[in-house]
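For this one, two forms of the same chain are given in structure tokens, first as structure 1 and then as structure 2.
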Structure 1
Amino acid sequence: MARRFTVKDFFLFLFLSLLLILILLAMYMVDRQWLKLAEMERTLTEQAQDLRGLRDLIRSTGSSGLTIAPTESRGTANIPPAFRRAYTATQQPDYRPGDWLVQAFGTGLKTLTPLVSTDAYAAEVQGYVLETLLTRNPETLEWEGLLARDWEVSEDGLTFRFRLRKGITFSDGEPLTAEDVAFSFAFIMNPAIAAPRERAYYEKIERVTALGPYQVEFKFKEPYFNSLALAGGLTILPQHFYGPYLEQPESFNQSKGLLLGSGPYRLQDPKGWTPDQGLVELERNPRYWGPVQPSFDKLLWKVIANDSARLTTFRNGDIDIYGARPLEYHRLLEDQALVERTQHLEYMSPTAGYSYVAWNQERDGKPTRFADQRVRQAMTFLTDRASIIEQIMLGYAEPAVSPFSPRSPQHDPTLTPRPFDLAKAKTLLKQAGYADRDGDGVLEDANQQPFRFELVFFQDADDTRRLVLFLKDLYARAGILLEPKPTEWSVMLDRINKKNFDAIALGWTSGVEIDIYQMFHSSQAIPGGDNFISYRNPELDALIEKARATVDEGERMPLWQACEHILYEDQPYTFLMRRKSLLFVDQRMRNLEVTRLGLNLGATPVEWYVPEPEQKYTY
């Protein structure tokens, strides 16, 4: 006889499942209690540590007969120059600390660990956590002390001595001393650590020694024009945190989120961040040493890969900043609701860099068509940059003349971009031996080979693809066949390393004063070097070397300008344009300012803030 499911059974099952759910909930609750307890315990120990430090400080100052300066004195005289701008922001009538700054990344981050990470996104996050000795004033472009109180340079320009501020601690409470500076350099130079790019950069420094707890000396091997920036730009890593990884470098090189520094923000768990969290969250560093505390309680970066999803999130007000492409920017400006709710900025960032088409001069050990200077010049004459900027960038760009920014003293203002000139290009090509020999409209060289080349470009960049199709039409007018070759990024890097391409469309980031050694010096035309077009010009080599070794700015700038003239004549690249940054920022954000270094977003000390009535995120 089959047992039937009775009402009694039903209540039994109900009771049992209720019991099960209750047990589960209880387990969950206990678990949460434990987490909370652990967090409280950690905060308590940290506070006890801070108290102890404070007591020690009072005792030591008491015994030496000094009085502690009143910390609440609000005179600007006590504010170091690097913090002046941030301090001015805090003096605004509507200033109030609090709220979060929420941004979005277009791709997921692989790692946050300094030195191991290579992308700009990780660098952006690290900028809030790690600090350097010096920082550049965004208006005057002068160097100002951040961790360093002051510094002196020896007569020959080879020795830099920095005096550190006292009382700086890392975000875990450990003090920052000159030992940490020396360690940071030693850490980078350790071959077991995966930081080849930084190492190549810092090789100019012979040694860094701690002369005392608050004094450190950088000794350079040879004079270098950018040596102050190099020494002052060294990010200071805490020895007690990163030091143990020298024993096991592989675990450092493979790590995902080892990030601890002295900056205004910190990771809640400096060892525990993983990419699968899908976001990066920085909290205020409670022990920040700076005289001006950052305004935001929290910085948050979400990972939103899809462009339209990112825009929708921005429209909904869930992220605060959205960088638009030209056509998009144009359309969004017509969106009244969005324009009213946000601030929009268009500016030329000096660090945004330039895009170019690089002409490979040597392939498989043989010179290519582009080894002929006249051909390269003709290609530049054919590249109608004015129309490209107008039709593809909708005017939100300016033509590039050379690697140097027109706003930099490295640029000679008498040089102007070559205009579109079909007749001149045809003449140059004729001189180089190209003519339409079989009447099909395509130019042929002396060996009857048609002028046909492949242009390699990154396949996922929409604007670049449109640009390449435009170039194809432009070059066709002179009888040159361009074959677009969209390529995946990893394949593209491989082609660059093997110098296996005819021409390539790329971009370089830029700066206030840039060093062109890595892309144009003959010695860098090695496998893996950045002179991947095998461009060699002894005259330019000598000028670059001389400029790099000239510390005096008045003497150096004419040398850079002479380099620029050679590049202008040689056209190893056809320099295309510098794009404007097109940005929408939520209405709440205040104190947005475009400086000579670009927008003051990401500037540390933090300068943006949200007035109280508009604060969205409160605890």
Structure 2
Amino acid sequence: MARRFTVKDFFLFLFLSLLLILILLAMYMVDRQWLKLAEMERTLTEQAQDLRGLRDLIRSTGSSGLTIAPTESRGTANIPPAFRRAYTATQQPDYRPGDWLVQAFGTGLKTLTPLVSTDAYAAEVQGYVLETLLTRNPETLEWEGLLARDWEVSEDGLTFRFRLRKGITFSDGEPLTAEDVAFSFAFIMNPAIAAPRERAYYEKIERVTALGPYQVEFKFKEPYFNSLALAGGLTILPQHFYGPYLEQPESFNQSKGLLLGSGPYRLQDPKGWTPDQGLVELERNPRYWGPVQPSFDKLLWKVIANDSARLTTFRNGDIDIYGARPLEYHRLLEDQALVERTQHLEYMSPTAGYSYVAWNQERDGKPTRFADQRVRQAMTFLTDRASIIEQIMLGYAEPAVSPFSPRSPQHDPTLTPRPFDLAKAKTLLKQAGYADRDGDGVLEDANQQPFRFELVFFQDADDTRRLVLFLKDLYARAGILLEPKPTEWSVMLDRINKKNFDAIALGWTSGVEIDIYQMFHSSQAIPGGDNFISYRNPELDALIEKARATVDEGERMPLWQACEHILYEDQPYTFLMRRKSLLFVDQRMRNLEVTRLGLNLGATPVEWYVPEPEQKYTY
């Protein structure tokens, strides 16, 4: 006979349930206590390490006259130029350190490890952790010392000597010296390290030598127009942290989160970040050497791939910045509630990058249909950029002619964007051997193969998706079949590295004066290189080399413009447009400014802050 569930059973069940809950609560509290203890232990260990370092430094300096902290006085007049903008922010009446800056990435990161990472998101995070010898003033565009106190250049322009500031440490407490600078160069140039892009940048440097603890010399092989930027922009990696990976380079090349530097922020675990965490979190570097400390306690990036979800998160106040697409930006400006609680900015940065469609000219070792210059020119004539900017970008963009910004002296203003010209495109395609041979409206080549190709693009970029569909219709008018290929970001990177695509829609960042060697020089059509379309033009190669070797700006600019003319004719990319930045920023963020380098978000030292009454996160 079945036993009935009695009142006694009920109270027994209730008692056991309460006991189980109490046990779980106790385990949770114990776990929290262990975490707190671990954090306290880490802090005490760091403090003890700092004290030992301090004692060692005092003993080592003896009567040599060295000082312990940065050599500059903390007085207002002696704030180094690189820190003056940030210092001015700290003098605002409502300035208070604290709070978090929370942002969102549109794609997940594959790795945060410097040199191994290739995307702009990783570079953004690294910019807060790693530092360089010099930094560029966003107003004057002049170079200013960051890790370097000062520098000198030899008369022949081949030798640069930098004097480092004293008392700088990496975030783990180890001192930063000239040996770390020399190591950083040697590490990049080691062929076992997966850094072909960076090696292409630094191949002009013959050697980097530590002349003493605080002096380092860069010796160039030949004159190079961008020598100071190249040497001063070298990211300084700690030898004691990255050096051991030279014994097992593959462990470095395949790593996901090896990130440690001297910057104002740090990863709590500099070896432990992995992509599956779904976010990146940086904490304030308690050992930061700068005379102006970073304002935010924490920097947090959440991965929110979907545009709608990202906007909803911003509306809810869970992220502080939202980069809008033109159509939604236009609509959001009519949302009074959103406009009142945010600041909105629309600007064309002089360093705005450009978007493009790249035509792969070699696949599986064989030339593709895009190896023919006439075909590439035809594709550009078919790409109606004026309509794209008007209908998709709502006017928040300008057509791109080349990799050079129209506001840069590298650009020849006589070159204008090619207009949409269907007849011209058909003529070029006919000259290249394409015709509708079977009357189905589709062009075929001499081997009866239809002109069909895949256009790879990032699947979560709505504007790009609309653009690709727009191009599909345009190209169909000429008898060309475009097959859209929406792709995950990580898969896109793999395709690029393997050159496994017909055409791909992408964008490059830009600058005041850029070096196009990596993207368009024949030597960079190598696995892992940035000339991933295997474009080759010996005449352009020679001009690029000559421009790079010309220090005098008056002589160099005509060379860059000659390069631009070749790219204009060759059309290795169909250069699409430069987009305006369209941002909404939470109202509590202060000290936003559009500079000659763009918005001062991401500037190091950090210039944004939140007044105390509006801070909402505690560390």
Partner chain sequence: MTRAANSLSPPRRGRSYAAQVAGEVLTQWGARLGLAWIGLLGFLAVFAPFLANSHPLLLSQDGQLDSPLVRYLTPADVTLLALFFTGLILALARASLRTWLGGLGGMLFLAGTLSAALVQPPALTIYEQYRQQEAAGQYDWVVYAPIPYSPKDYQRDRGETGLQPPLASPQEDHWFGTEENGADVLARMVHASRIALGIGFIATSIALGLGILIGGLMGYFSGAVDIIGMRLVEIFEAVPTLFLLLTFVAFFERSLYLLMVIIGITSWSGYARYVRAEFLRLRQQDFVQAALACGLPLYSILFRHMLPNGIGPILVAASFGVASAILAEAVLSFLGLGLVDDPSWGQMLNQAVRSSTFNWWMAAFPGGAIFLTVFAYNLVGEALRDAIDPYLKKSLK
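Please note that residue numbering is based on structure 1, beginning with 1 at the start of its sequence. Quick caveat: nothing in here was measured; it's all calculated off a predicted structure. Between two forms, the rigid core is the largest collection of C-alphas that superpose within 1.5 Å.
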Structure corresponding to the form predicted together with its partner chain: 1
Yes/no, Q361 Cα shift of 2 Å or more between the two structures with rigid core fixed: yes
Core fit, then N500 C-alpha moves 2 Å or more between the two structures: yes
Residue shift check between the two structures, rigid core fit, L211 Cα at least 2 Å: no
Core superposition result - C-alpha of F370, shift between the two structures, Å: 10.0
Distance the CA of K472 travels between the two structures [rigid core superposed, Å]: 7.6
Displacement in Å of the C-alpha of D552 between the two structures, rigid core kept as reference: 3.0
